[in-house]
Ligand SMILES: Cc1cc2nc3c(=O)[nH]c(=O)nc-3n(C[C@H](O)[C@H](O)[C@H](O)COP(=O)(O)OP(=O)(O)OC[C@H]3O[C@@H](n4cnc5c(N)ncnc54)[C@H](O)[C@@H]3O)c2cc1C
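So this first bit is one chain, no partners, the form predicted on its own, shown in structure tokens.
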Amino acid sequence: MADVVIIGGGVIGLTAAYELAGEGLAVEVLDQVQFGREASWAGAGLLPPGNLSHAKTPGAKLRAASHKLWPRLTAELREATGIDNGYVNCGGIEMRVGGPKGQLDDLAQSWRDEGVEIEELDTDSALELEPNLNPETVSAFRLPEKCQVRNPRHVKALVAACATRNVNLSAGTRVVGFTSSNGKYTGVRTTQETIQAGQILVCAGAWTGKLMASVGFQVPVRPVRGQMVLMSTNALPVRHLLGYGSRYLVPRPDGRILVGSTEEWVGFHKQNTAGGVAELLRFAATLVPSLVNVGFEQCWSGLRPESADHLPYLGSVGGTENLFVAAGHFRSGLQMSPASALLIRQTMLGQEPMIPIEPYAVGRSGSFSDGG
């Protein structure tokens, strides 16, 4: 029998397994496909900065705590596996093309209120930093501590590190239900077998709501499709991460450029569309006009797990002794994974949490306004 069975082998489930196994527990991770091949694989690896001593909102606290943990986790994974996850501090520029010059003032002030270092840029200074930006950039600021990680490499490092801690990793294993006895959950049922467990942690991403509803618990999580485009060039036109609201451009050191992402409420339909890809290519050329001349490499899409209030669910399921959830991170799963995994490990083992966990309670009220 496993001490802990984790349902879902994305970045949240794998990091939680790494944390729990590091405490000496026997951990098994089950994933219905390949590890990390859903939302964890589909994202761009953006890691926004944070300052835990100034963060006020639950989302800012979880982001800031993770920002502090990323360098240590990266070093641990590299030492344990020899895999470089591509973590690097390259800085980021938030920008707007056209419109009023002060349109980023409120956003810039919100970063200052969090105690995050920020550099305001006018058009000339922005173009001095990145000469290939659209010359019609009217408003911009720089976040020197914004980082990136290569999410596929990070997933590979987590899988390898979990193996060094004797985590049992079972890909292609779909969970269809739970077993219980005397009011306590005793294991999970897959399409092949029943696996006994002392504790169960559900990290099933966009599928969490469906799985929990099968045993009578409402955990409002729904899928949001995000399409991505990958381009490649011999010489990167920009060095910084570029942000434009909910969209971004990510230059990789090897000459690849990620562009994302759409937000589409289309259920569990994971596919690329001609319109979505064309929209992203137009967006990239708006930020950096010279990108019309670079190579198109590939495109893909992923299903992001959205909660009703855009905060993840972390903690025990009300009225149960040994059933826990860590899901609903929407677009922030990768960036918030170190602190989320640490918090869930601390909660499951009765340890003092690094930050208050109550705001992420699984049973908090909330529903989607459109009934989704």
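Small disclaimer: the values here were computed from a predicted structure and weren't measured. One rule holds for the numbers: they count along the sequence shown, beginning at 1.
Only in words, not in the display: the form predicted together with this ligand, which the text now covers.
Q: Tell me which of 220 to 228, 78 to 86, 91 to 99, 129 to 137 has residues with heavy atoms within 4.5 angstroms of this ligand in the predicted complex?
A: Looking at the other structure, the answer is 220 to 228.
Q: Contact check in the predicted complex: I7, V175 and F330 versus this ligand, with a cutoff of 4.5 Å between any heavy atoms. Do all three pass?
A: All of them do, each having a heavy atom within 4.5 Å of the partner.
Q: Between the options L311, A55, A44, L342, which residue brings a heavy atom to within 4.5 Å of this ligand in the predicted complex?
A: Flagged contact: A44.
Q: Is P251 part of the interface with this ligand in the predicted complex - any heavy atom within 4.5 Å?
A: Answer no; every heavy atom of P251 is more than 4.5 Å from this ligand in the predicted complex.
Q: So in the predicted complex, does any heavy atom of L211 sit within 4.5 Å of this ligand?
A: L211: yes, in contact with this ligand in the predicted complex.
Q: My question is simply whether A64 lines the interface with this ligand in the predicted complex - judged by any non-hydrogen atom within 4.5 Å.
A: Result no; A64 lies far from this ligand in the predicted complex.
Q: Might T74 be said to contact this ligand in the predicted complex, defining contact as any heavy atom within 4.5 Å?
A: It does not: once this ligand is placed as it appears in the predicted complex, T74 has no heavy atom within 4.5 Å of it.
Q: What residues of 175 to 204, in sequence order, lie within 4.5 Å of this ligand in the predicted complex by heavy atom?
A: Stretch hits, in order: V175, C203, A204.
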